[in-house]
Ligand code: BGC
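Next up is one chain by itself, shown in structure tokens, the form predicted on its own.
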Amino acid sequence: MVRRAGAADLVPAGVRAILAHQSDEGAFVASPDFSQYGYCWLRDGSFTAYALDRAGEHDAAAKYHDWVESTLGSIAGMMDRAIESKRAEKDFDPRDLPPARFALDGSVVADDWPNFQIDGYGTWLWSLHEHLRLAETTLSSHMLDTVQRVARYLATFALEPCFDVWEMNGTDVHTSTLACVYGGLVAASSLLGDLELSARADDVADRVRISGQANGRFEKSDASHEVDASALWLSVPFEVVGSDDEAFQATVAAIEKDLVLDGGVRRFASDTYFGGGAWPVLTCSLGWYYARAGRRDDAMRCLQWTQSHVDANGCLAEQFGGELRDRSHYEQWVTTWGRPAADLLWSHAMHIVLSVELDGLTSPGVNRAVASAGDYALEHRQ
């Protein structure tokens, strides 16, 4: 019989689950049990590394950032050509642009996946900056070239249409992508002492604020009037706007009204992916905002909802409730790809972030609890 972990055990259990599925090179597989997610996305991986840093696992986070540096170093020519083409105002094929996801060995995956997603590059720069801050270390010389190149790439394509965080609508400019880009540019400006990057971040923030003022809230994209729960990142963690910004408050209200499903948070109202259920990633994002805004009781409800969905094996799925909300679309996706991801590292990561956020600090208890995580990881790889 598998003993279900109590709430106090879930953070260290989540850390162990992440470490068990970190490759020897440092990559984090998106999901160990879903056919389409056997890769490392810069976005998911960077949030996951941040969660490890919040839990005091700085060595594992550093290993991920070293993997990213090596991986992006291997496509330096691709990034340079993309920058040169855009600055020369040449036409470019999005399929030739740097990818959003990689094989665990760092190689580029040759398929038709919608890879032009710049949010992951911004999220990585932000996550790296947070790692250096939390681990109390500095940017290494071997990392410098890659940070500079990624910052140039991000600044060049900052306001370009691309696929969003959900890998949809590649001809639109998405609000949550702009949030990630802003966070990455601010981080790079700090790391490199580059005021031009700071000015470019201001350009992005201006675009976001103008949109919010015009519409009364932050919409999914320049082509969709829906609200998308990933817009929560405008405030926490990327701080494009303050939590008291009127348009942001209206956005939160719309999320609370339209996207809450049995206590969890859906992506957007028209979502049909596996029935459009509620995601721990977004529920914890809402809780993270609540915690920073001083709404502790609301944050605790988000945390408790997430914890209630950790199964007896310690797995935390990508989403919940879609099979009940929209059975037809749920079954369509099952027919196409099989059952949805039953264990998603990004879900574990955001649960860790919210848990530690509510504790107010990195708990020594967390570090003690994961002290044997290396043995755990070794055992589960064998």
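None of the values given here were measured: they were computed from a predicted structure. Residue indices: 1-based, along the sequence shown.
The following text describes the form predicted together with this ligand, which does not appear among the structures shown.
#### Entry: Partner proximity in the predicted bound form: D53 to this ligand, non-hydrogen atom cutoff 4.5 Å
Close contact is absent here: in the predicted bound form, D53 is far from this ligand, nothing within 4.5 Å, heavy atoms only.
### Query
Does this ligand get within 4.5 angstroms of any non-hydrogen atom of F116 in the predicted bound form?
Output for F116 is no: heavy atoms all beyond 4.5 Å of this ligand.
### Query
Does R267 reach this ligand in the predicted bound form, with heavy atoms at most 4.5 Å apart?
Looking in the predicted bound form, residue contacts with this ligand include R267, since a heavy atom lies within 4.5 Å.
### Message
Since only the chain is shown here, I'm wondering whether Y273 would be in contact with this ligand in the predicted bound form (any heavy atom pair within 4.5 Å).
### Response
Judged by the heavy-atom cut-off of 4.5 Å, Y273 is in contact with this ligand in the predicted bound form.
### Partner-facing stretch of 320-328, 338-346, 63-71, 351-359, counted where any non-hydrogen atom is within 4.5 angstroms of this ligand in the predicted bound form
Every other range fails; the passing one is 338-346.
### Task
Identify which of D258, E160, D203, E167 has a heavy atom within 4.5 Å of this ligand in the predicted bound form; exactly one of them does.
By the 4.5 Å heavy-atom cutoff, the listed residue in contact is E167.
### Task
Determine the residues of 131-156 with a heavy atom within 4.5 Å of this ligand in the predicted bound form and present them in sequence order; the list may be empty.
Nothing in this stretch is in contact.
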